[in-house]
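This document contains two forms of one protein chain, each encoded as structure tokens and listed individually as structure 1 and structure 2.
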Structure 1
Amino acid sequence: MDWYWLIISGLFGGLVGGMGMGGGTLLIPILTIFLGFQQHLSQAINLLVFIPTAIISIIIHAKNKLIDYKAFFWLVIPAVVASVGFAFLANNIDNSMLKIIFAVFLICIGIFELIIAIKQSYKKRNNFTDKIGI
């Protein structure tokens, strides 16, 4: 495999991740569909890429005093435990089943985002018609 495709995939995933959509939602399909990686390896790479991003985000948010430390620890500890547990579970699931689970996850996220967009559009439209008296 040519190394430049890996660099392009990483940059594209990072670019999309920087725009607010999780980079893994594109990085994992790029690695599996276009570059031929196994689902397990793609998800592991995504998790490794996430670690420095999360650390930098925490540092920036801490400097800007945007972290509620009481809530932070109540969220981080269960999240880490769940992540480790589900990583072990994913390791024991067949590659094809893991692909199906990830596909269903992406579809659910897409539906959720679509519903939010429709609600926001409806809300904006109602606010506009209320302001102009329709």
Structure 2
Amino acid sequence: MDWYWLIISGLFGGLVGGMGMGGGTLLIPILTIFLGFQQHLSQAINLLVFIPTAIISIIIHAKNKLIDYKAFFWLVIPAVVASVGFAFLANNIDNSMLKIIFAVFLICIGIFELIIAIKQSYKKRNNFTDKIGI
């Protein structure tokens, strides 16, 4: 695998992640569709790549006092336990099966985001018509 394709894939994932949308949600299909990686490998890469990126963002955000530590504890404990269990489960599932389940997950996320976006533009338009008095 040529290194520049790997960097370009990372660039796209990072770009979307940096904008506050699901970076990993995009990086995994990029690696699977365009680079032909196995689904398990793409998922493992995404998890590992997230770590250095997250550490840098956390340092910057902490300096800007944007992190709410109160909300941290109760979410993290159950999440870590559940994630380990389901990571084991994913690793014991056949590659094509995992890929199909992931694809359905992606479509659900897409529809969810689409609904939110439509709701927001509807709200925006209403605000606009209120302002100009229609």
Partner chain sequence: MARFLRGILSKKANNIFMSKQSLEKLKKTSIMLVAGVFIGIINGFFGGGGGMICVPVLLMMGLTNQKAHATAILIMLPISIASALVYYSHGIVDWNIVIWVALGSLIGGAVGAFILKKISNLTLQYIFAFVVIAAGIRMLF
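For clarity, a rigid core is taken as the largest C-alpha set superposing within 1.5 Å between two forms. Here the structure is a predicted model, which means the values were calculated and not measured. Just so we're on the same page, residue numbers count up from 1 along structure 1's sequence.
Only structure 1 comes from the form predicted alone.
Treated as two rigid bodies moving between the two structures, the chain carries residue 59 and residue 3 on opposite bodies. Relative to the larger rigid part, the smaller one is rotated between the two structures by 8°, as taken from C-alpha superpositions. Core-based superposition between the two structures puts the Cα shift at residue 68 at 4.6 Å.
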